[in-house]
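Just the one chain here, laid out as structure tokens, in the form predicted on its own.
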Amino acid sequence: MTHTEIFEKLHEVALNPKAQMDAYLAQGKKVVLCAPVYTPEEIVHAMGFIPMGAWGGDRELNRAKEYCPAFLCSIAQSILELGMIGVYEGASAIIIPSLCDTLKTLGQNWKYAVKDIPFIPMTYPQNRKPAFGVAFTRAGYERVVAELEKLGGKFDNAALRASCEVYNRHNAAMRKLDEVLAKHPEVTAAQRSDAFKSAFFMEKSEHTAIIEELIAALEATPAGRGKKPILVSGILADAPQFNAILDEMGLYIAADDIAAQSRQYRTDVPAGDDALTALAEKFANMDNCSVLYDQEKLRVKLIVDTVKARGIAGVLVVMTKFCDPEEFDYVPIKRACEAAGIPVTIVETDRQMAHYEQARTNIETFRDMLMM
């Protein structure tokens, strides 16, 4: 297939994850929903389930307001909304990590609002790097294993090790894709988003095969020209209207620091006889994310270094409304970019937005700055 045909296939998956989920269920497979940000999909995969990303969707919120105040993150609210209206019907369970205050409340609300889909908590430590942090994370994984066993899953150390290798290969493919896409400005922001978003809705070895085929197709295609390269940072950047504006303005994403995109694939599971401990060590090794405790704010340096390394013209921060961790990080990001002479701007989005005219104005002004 050509790279255009592959992107079309990935678009269909990203556009209609419900159809993808129903297809797995029709095959007799059990689906376990995985809420953001770093749910241990490797465990779910190893125990015979299909991990299915649950990042909500762009829609008006109604039922979720019975449990959530208006100022709560719309990603979490839309996950609850979709659960309450039956979109996730057929799933065996949902795993929700505790990496921000909103996710902690989401799990508790889910227990009462969506009674037919069991809630499995995954409690992560803030101090994840010391030995006691690794032990704490491992204990959390053991609880997830125990809950999945109640649903018919079977845990085996060798199976988890094999699943970790499947996920490591997928990580490598997604990192390579990010590098290749940086050299292909003709790839639209929407196509890039589809490549990353579809990963949440497909069994990882299936998605890896498609991405590796896409990489080969792109490497055999002459790179386009004429667009300004930018780095996009934030939690989500998958809204069709947002991506359409980037394409309209002649901007292309040469790198991202998006929680739902490249941040997922930076860290592999290390080698180790005890697969569960190795998985906990992976979490300990993770960095450069707003929801991970980082007193030094190393994420800021990563953004600046990436801009310089890839010859990027500027940084666009996509701020999910009411996301406290991202809001806290924006000030040091802005200061560091300005100190390095890197143009930076911010647009605010959420899952309920129907109109992007304010974002369009900000991005247009940003584009004009980059052209100067």
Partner chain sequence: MYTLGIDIGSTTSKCAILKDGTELVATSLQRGGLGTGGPEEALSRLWRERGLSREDMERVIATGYGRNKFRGADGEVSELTCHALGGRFIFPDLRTVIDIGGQDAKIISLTADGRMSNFIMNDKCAAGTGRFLEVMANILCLDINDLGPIAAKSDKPAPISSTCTVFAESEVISQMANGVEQADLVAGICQSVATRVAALARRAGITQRVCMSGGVARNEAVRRYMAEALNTEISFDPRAQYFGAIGAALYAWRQADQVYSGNF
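Quick caveat: nothing in here was measured; it's all calculated off a predicted structure. Positions refer to the first chain, counted from 1.
Keep in mind the form predicted together with the partner chain is missing from the figure; the text below concerns it.
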query = Quick check: do 334, 366 and 369 each get a heavy atom within 4.5 Å of the partner chain in the predicted bound form?
reply = yes
query = Does any heavy atom of residue 352 come within 4.5 Å of a heavy atom of the partner chain in the predicted bound form?
reply = no
ask   = With the partner left out of view, is residue 12 within 4.5 angstroms of the partner chain in the predicted bound form by any non-hydrogen atom?
value = no
task = Find out whether any non-hydrogen atom of residue 306 is located within 4.5 angstroms of the partner chain in the predicted bound form, and reply yes or no.
result = no
ask   = Using heavy atoms and a 4.5 Å limit, would one call residue 16 a contact residue for the partner chain in the predicted bound form?
value = no
Stretch in contact, per heavy atom within 4.5 angstroms of the partner chain in the predicted bound form, of 60-68, 37-45, 338-346, 24-32 = 338-346
task = Would you give me the residues of 351-365 that have any heavy atom within 4.5 Å of the partner chain in the predicted bound form, in order from first to last?
result = 357, 358, 360, 361, 362, 364, 365
